[in-house]
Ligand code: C2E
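Have a look below at one chain only, the form predicted on its own, in structure tokens format.
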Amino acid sequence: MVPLVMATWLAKQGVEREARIHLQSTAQWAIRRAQLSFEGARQALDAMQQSTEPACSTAHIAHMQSLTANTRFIEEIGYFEGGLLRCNSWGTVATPVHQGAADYLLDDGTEVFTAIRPQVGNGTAMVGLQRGNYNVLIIPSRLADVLTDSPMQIGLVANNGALLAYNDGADRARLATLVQGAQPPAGMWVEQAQAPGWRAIVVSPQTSFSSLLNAQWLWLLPLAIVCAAALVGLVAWLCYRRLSPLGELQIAVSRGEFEVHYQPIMHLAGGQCVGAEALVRWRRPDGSLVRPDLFIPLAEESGLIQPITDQVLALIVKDLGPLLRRHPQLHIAVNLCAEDLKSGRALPVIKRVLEGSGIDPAQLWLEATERGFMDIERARQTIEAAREAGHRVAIDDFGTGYSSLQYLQGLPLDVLKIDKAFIDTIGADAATSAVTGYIIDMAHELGLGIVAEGVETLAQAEYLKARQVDYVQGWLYARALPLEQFLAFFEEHRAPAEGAGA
């Protein structure tokens, strides 16, 4: 709608500008016409002043008649003597007519009468000019009789501010009020032009220029439609970006709409909470949570997982900094994406986040999924750098990715996390049920700590305990908890004495 509204506004502005230029031009032309009329009248007066015929003789009257016939705008020429009209271009005057006082003087001394009633005709008031013994009469409407292509009211204003002349069809009362400075009525345009001794005023209804408005509108309409289409396309594109999953995720990253929930990691033998896995959650502005499986793959695919990881690290320090300082044996596990494991980008970020926090790097475990080991050499470099910085490194979701036993044996890992898919087979009659035992034995053989994920039943816990698994996490103990609930859970399940069971 914006381009259409703008086009309408521009069309109206353009029409008003053109209309005012046209009215101004008409007013200036009315002044020129009046000046020409008065100049012709003055020439006729000068010619009669030089006349040598006897006053009111046949030749004298014939001379006045000739000038009246041959001079445009002049309706009558009169001869005064002793302040009385003796004869005019119509003949001698039987009834005495007094000259009267002029309304004002022109710069050359010509007297101007704004309303003289002629002796012949219908008695319409005329404009009179007098020099010496002679005067001429001019019909006022002819002074303002300008041809226009639309209905206009034209008025001529004399030096003294009086309305001297106006064209046929003009509202004399309205023109008189406008001359005095009144506000133009609604739906009307008023323009004025000034010249020495003259002022012209032109009034026109705005509807007179409707054809010009239509022309302007028809010219601007295609442009407005093109602009509107472009705007609609832009808005649609922005809405698509904003409302698409990726667009929403980008906005969430920029606004920091993520929070961290903590799933407790339990010491299986002692039953104490010795740590937690930090799991990111996306909380929309309306308070709803987006499941990680809906946005984590998209974040990894688009590269947004890295700024999300940075926000998670900052939130861990903010949430658990005091707790970790009070309990140096407590650890928090953080997942690294495959790209961070390959490039090592996250390590400087972690170092910067931990600086001044009082948190021991050993309390921050770094977890990497098997997808991160596709470039095994670069992964090894990152793991070695992480361990040199004091972190423990765990392989997450073991058995579901690409790593081979050869790679596992060659990587400097500290902990192996058994995926829930293998824990679920414990006690089940499935082809993969025996694999869990082999994974545990292999981890023991390699000297790796073990964390079993997804423990949900006592039977699973007993099996793992019998196989000397170190740590467990799962719904049997607790779901991933918001910060306040995790703090309460930890206080309830922490070791009685610092360090016991850890």
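Note that the structure is a prediction, hence the values are computed from the model and not measured. Numbers follow the displayed sequence, beginning with 1.
The same protein also exists as the form predicted together with this ligand; that form is not shown, yet it is the one meant from here on.
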I'd like to know whether Val455 contacts this ligand in the model of the complex, with contact meaning heavy atoms within 4.5 angstroms.
yes
Quick one: does Ala165 come within 4.5 Å of this ligand in the model of the complex, counting heavy atoms only?
no
Contact between Arg281 and this ligand in the model of the complex at 4.5 Å, heavy atoms?
yes
When the contact criterion is heavy atoms within 4.5 Å, does Thr382 count as touching this ligand in the model of the complex?
no
Among 89 to 97, 387 to 395, 175 to 183, 335 to 343, which stretch sits within 4.5 Å of this ligand in the model of the complex, heavy atoms only?
335 to 343
Looking at Leu323, Ile350, Val190, Val312, which has any heavy atom no more than 4.5 Å from this ligand in the model of the complex?
Val312
In this chain shown alone, the residue from Thr110, Gln363, Thr71, Gln263 with a heavy atom within 4.5 Å of this ligand in the model of the complex is Gln263
What residues in 165 to 180 sit within 4.5 Å of this ligand in the model of the complex, counting heavy atoms only?
none
